[in-house]
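To begin, one chain is listed below as structure tokens, in the form predicted on its own.
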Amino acid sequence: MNALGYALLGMLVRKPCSGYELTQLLEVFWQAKHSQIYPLLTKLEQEQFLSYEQVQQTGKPDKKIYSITEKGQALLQDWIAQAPAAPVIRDEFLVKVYAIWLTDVHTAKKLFEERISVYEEKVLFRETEIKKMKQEHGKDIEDITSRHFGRYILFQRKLNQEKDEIAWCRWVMSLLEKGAPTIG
């Protein structure tokens, strides 16, 4: 079983979901493609770690709503108790930043402005989602026994990281401003 399989079970232990919903929920951890998720869901179902209910839709193909089984929950509980692997970070932007001295200040600024814009959208999304969680679940959201607790604290973590990324980009922009040669 790979980490993505455990991530899927972790999403399903909170609530039954379609494959599409699972893809959306996973964005807190990493980007997983449908081509990765659906074969893995089939494998998890074959191994009886999850089951599904076929839901008919009008004008659309039927969809499957997946639920974790007791066997899947037991597997997930055992996995949670184990030490996690070291995190894997792959960010093309950071590779570009490492070699940024090869470009001009205007191009460098544009790269950071775009990054800030992307992260500002992420912050807005995350703040909206956290507000919804608080409205729907009240103080229970901060109770470790709540099924929503893990999602809540992960969204808070992502929000902090996204805000930190914006602050770092603005700091770099200030350095770029100082180092920009004057034209004229």
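A residue's number is simply how far along the shown sequence it sits, counting from 1. Fair warning: this is a prediction, and the values are worked out from it, not measured in the lab.
Unshown form predicted together with the DNA; subsequent notes refer to it.
- Although the partner is absent from this view, Lys132 stays clear of the DNA in the predicted complex, with no non-hydrogen atom inside 4.5 angstroms.
- Proximity of Lys64 to the DNA in the predicted complex: non-hydrogen atoms within 4.5 Å are present.
- Of the heavy atoms in Ile141, none are within 4.5 Å of the DNA in the predicted complex.
- With a 4.5 Å cutoff on heavy atoms, Tyr20 counts as touching the DNA in the predicted complex.
- Although the partner is absent from the chain shown here, none of Pro84, Thr145 and Arg147 has a heavy atom within 4.5 Å of the DNA in the predicted complex.
- For the DNA in the predicted complex, the listed stretch (147-155, 115-123, 22-30, 133-141) containing residues with heavy atoms inside 4.5 Å is 22-30.
- In the predicted complex, the DNA lies within 4.5 angstroms of at least one heavy atom of each of the following residues of 31-58: Gln31, Ala32, Lys33, His34, Ser35, Gln36, Tyr38, Pro39, Gln57, in sequence order.
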